[in-house]
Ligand SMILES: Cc1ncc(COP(=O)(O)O)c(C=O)c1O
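So this first bit is one chain, no partners, the form predicted on its own, shown in structure tokens.
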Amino acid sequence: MNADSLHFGASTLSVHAGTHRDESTGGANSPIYTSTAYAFPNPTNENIYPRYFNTPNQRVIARKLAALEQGEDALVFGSGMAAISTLLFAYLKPGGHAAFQADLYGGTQQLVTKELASFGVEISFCRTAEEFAAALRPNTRLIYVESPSNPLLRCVDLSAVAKLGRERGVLTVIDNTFATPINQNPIPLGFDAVIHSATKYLNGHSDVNAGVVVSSTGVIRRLTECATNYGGMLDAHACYQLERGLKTLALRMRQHNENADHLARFLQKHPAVARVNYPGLPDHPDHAIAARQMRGFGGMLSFELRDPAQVDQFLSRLRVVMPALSLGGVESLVCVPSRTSHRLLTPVERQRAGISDGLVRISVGIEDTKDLIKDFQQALAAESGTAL
């Protein structure tokens, strides 16, 4: 299959795009190329080496993700943070300025505030397209958003931000991890680069750390020059696992979307819950934006317990759902962001970001919907004062 054949659907691309066919055996799966030494010169006259991001297994992932995100090319990294940091340091130099969405994953927030600032990069934080427009300066080089955001599921008007970037000559970048390319494609909306923590939904089985950047050929060429120096590549075995996970991405996301929608509506009516954050709910502050730019609302949501003191009891009562770090796997996971993804922020920074001690984030898996709802119902019973 031609990896950039956009007339194919997402399910077909998930299975077939980028596959490396072994002509000697006709195998359906891409072989695992374990070599770190490749002949040179060779028929393509390319110096193949894992740290150069050009081995067959690395290129399989790049082609598949480029097809799914409707980009020209991609780079696969050893983690989502490796992908993010490589892109930021490739485009941001001392004296430059970048505008970041205020609602950021805690790891990204740490990178921006601790590392970029120490390198002399000026930083602004914004929440809306209007705030981004007001924040841009003559030395602005990059706009970075995360939509839906972690963990409050805030959404930004991507078309408006992309238009702003084009008009001002500023690179626009989005972390599309929560949405996945099945639910949202920012590049056709005008964005320059898409980042994923492939550890999450792209792999989908909680057993691989990886990251990816999808963009134009020119951007990827520039990133490759930096990435080769930083050395954040993914090895062949992990690439194979990621490719296998990607084949069921579209199928998995349909169940993630469905389960999250049902669970969000259940939690919204529960007396122990003060608020539910899910862009698929009509009362979510960014529902209208999400409905315009997303095909599905994803498998992530969060909610506020009315009594934050009951968080530990709630977690201990869960039987199907697992309290754990990370997200995007086939199993349902919950965590408390103030203790996990945003634990490195100061209390003041968490308060400013809207991360309370009673906030619980849910990565909704692909289990039977009724079993998930029953598990939350019994775990929340004590908090609401109702009998089991």
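Sequential numbering from 1, following the sequence displayed. Please read all numbers here as calculations on a predicted model, not as lab measurements.
The next section is about a form of this same protein that is not shown, the form predicted in complex with the ligand.
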| property | result |
| --- | --- |
| Stretch in contact, per heavy atom within 4.5 angstroms of the ligand in the predicted complex, of 256 to 264, 220 to 228, 154 to 162, 173 to 181 | 173 to 181 |
| Heavy atom within 4.5 Å of the ligand in the predicted complex - residue from 99, 290, 194, 84 | 84 |
| Option touching the ligand, based on a heavy atom within 4.5 Å in the predicted complex, out of 215, 185, 277, 199 | 199 |
| Partner contact for residue 210 in the predicted complex: the ligand, 4.5 angstroms, heavy atom | yes |
| Contact test in the predicted complex: residue 79 vs the ligand, heavy atoms, 4.5 Å | yes |
| is_contact(residue 327, the ligand) in the predicted complex, heavy atom dist at most 4.5 Å | yes |
| 4.5 angstroms heavy atom contact with the ligand in the predicted complex for residue 105 | yes |
